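Next up: a single chain in structure tokens, the form predicted alone.
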């Protein structure tokens, strides 16, 4: 199964909606708190959004998307566009949000895309953690360089991302009724992994440098989420919102 798309992936995601619901709600709450769009002109003017790696929006907040005047989605999976429209099209249309879904590699064409949408916000929807699978395992330094290059291309732009930080098996079975782990500010990464009941080794998705350092003068709000992917497998998701 291709975990970046395809019919098997969408079937799994559809069947897993109840299991993933708590994480989806946590991401929605976070998104609704982050985006002020304060740098995009008049407060009454709705901005546009470039949603990269949208898939079918299985864990994307429709309520958050309704804040925008126009949403352009991008995904290499040919099934993503029709499924995204099926899941979100009516709700966005009801709020007069223009929806345009594209089958394209937005990461490959990012400079041109940003140039053609100079004022749009950008959100990477669980895609940056997949970059490591596009190169051999030994090429991890190239992956980190790719991530840093994306960050440079976005300088001066309002943008955000939710992505895999790490993932792996758990020491205990995760029940649907289990509360979603919440990371405290004081916890170290190792303490957080222990709370996630991570069974070593976990996969590092090489996304530790996605967001600018605070010393760069950019306000970055970073949040950590647990994603109960299956009864015996968890993802550590990290999310952040960057303002120019």
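A quick note: this is a predicted structure, and the numbers were derived from the prediction, not measured. Positions refer to the first chain, counted from 1.
Unshown form predicted in complex with a small molecule; subsequent notes refer to it.
Just to confirm the contact call: exactly one of 64-72, 47-55, 181-189, 199-207 touches the small molecule in the predicted complex at a 4.5 Å heavy atom cutoff, so which is it? Selected stretch: 47-55.
With the small molecule left out of view, choose which of 114, 92, 76, 143 has a non-hydrogen atom within 4.5 angstroms of it in the predicted complex. Filtering the options by heavy-atom distance leaves 76.
Of these, 134, 171, 96, 148, which has a heavy atom no more than 4.5 Å from the small molecule in the predicted complex? None of the others qualify; the residue that does is 134.
Within 4.5 Å, heavy atoms only: does residue 158 come near the small molecule in the predicted complex? Close contact is absent here: in the predicted complex, residue 158 is far from the small molecule, nothing within 4.5 Å, heavy atoms only.
Any non-hydrogen atom of residue 5 within 4.5 angstroms of the small molecule in the predicted complex: It does: once the small molecule is placed as it appears in the predicted complex, residue 5 has a heavy atom within 4.5 Å of it.
Is the gap between residue 59 and the small molecule in the predicted complex 4.5 Å or less for some heavy atom pair? Residue-level check for residue 59: yes, a contact with the small molecule.
Is residue 106 close enough to touch the small molecule in the predicted complex, meaning at least one heavy atom pair within 4.5 Å? Heavy-atom contact with the small molecule at 4.5 Å: present for residue 106.
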